[in-house]
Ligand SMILES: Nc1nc2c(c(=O)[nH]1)N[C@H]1C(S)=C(S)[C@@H](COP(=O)(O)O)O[C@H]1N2
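A lone chain, given as structure tokens: the form predicted on its own.
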């Protein structure tokens, strides 16, 4: 076989592969494409950028759904459900007894603004079952705000259950006593005042996805 024929065959195989890939992409929505691509990147352990502590500022109190009523810290509890296990109940002191980490990361809003914030909390993976299912759903105590996460994002090392912001306890408008911090996703996934966490094999509903936004919401 001469070199020209070999080159032609290689080009034909490569072209067919590209066309097949494009054909598959055309069959999925932009949201699905974003999820497939970003899940692969996050699955490799990509970390969100971290910054010097002195760059941290007080973020906007954006998104108050689920925060209508004041709560007493002593009355708050975190409910944790997982397949094949009894429901766990944790107080805020029990959550704070888990391994603690601090990080200064960027909070990015789908509206275009971003702010650097210093967080203190524990990685969500510390409360996950040994064999975590595909998805995690989180809701506020009144269940009016809710988010869904894929397993890779939920167990990401920078995904925190945070109880402090810039060295001080969370304020009510910023999600006291516990909020999710997930630097590899937009702020709409950073649910405030978490009331329950459910590990599940079925994709959970998501407040903003139900309103037309990307369910995955990855950066």
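Residue numbers count along the first chain shown, from 1. Please read these numbers as outputs of a predicted model, since none were measured by experiment.
Only in words, not in the display: the form predicted together with this ligand, which the text now covers.
A.B. asks: Please tell me which of 107, 103, 78, 82 lies within 4.5 Å of this ligand in the model of the complex, judged by heavy atoms.
C.D. replies: Looking at the other structure, the residue within range turns out to be 107.
A.B. asks: Of the options 168, 61, 47, 57, which one has a non-hydrogen atom that comes within 4.5 Å of this ligand in the model of the complex?
C.D. replies: Contact with this ligand in the model of the complex is made by 61 alone.
A.B. asks: Using a 4.5 angstroms cut-off on non-hydrogen atoms, would residue 160 count as touching this ligand in the model of the complex?
C.D. replies: Residue-level check for residue 160: no, no contact with this ligand.
A.B. asks: Give a yes/no on whether residue 67 approaches this ligand to within 4.5 Å in the model of the complex, heavy atoms considered.
C.D. replies: Contact with this ligand, yes.
A.B. asks: With the partner left out of view, is residue 192 within 4.5 angstroms of this ligand in the model of the complex by any non-hydrogen atom?
C.D. replies: Looking in the model of the complex, residue contacts with this ligand include residue 192, since a heavy atom lies within 4.5 Å.
A.B. asks: Can you tell me if residue 183 lies within 4.5 angstroms of this ligand in the model of the complex, counting non-hydrogen atoms only?
C.D. replies: Answer no; every heavy atom of residue 183 is more than 4.5 Å from this ligand in the model of the complex.
A.B. asks: Given this ligand in the model of the complex, answer whether the residues 138, 151 and 216 all have a heavy atom inside 4.5 Å of it.
C.D. replies: The answer is no; none of 138, 151 and 216 reaches this ligand.
A.B. asks: With the partner left out here, which residues of 143 to 158 have a non-hydrogen atom within 4.5 Å of this ligand in the model of the complex?
C.D. replies: Sequence-ordered list has one entry, 145.
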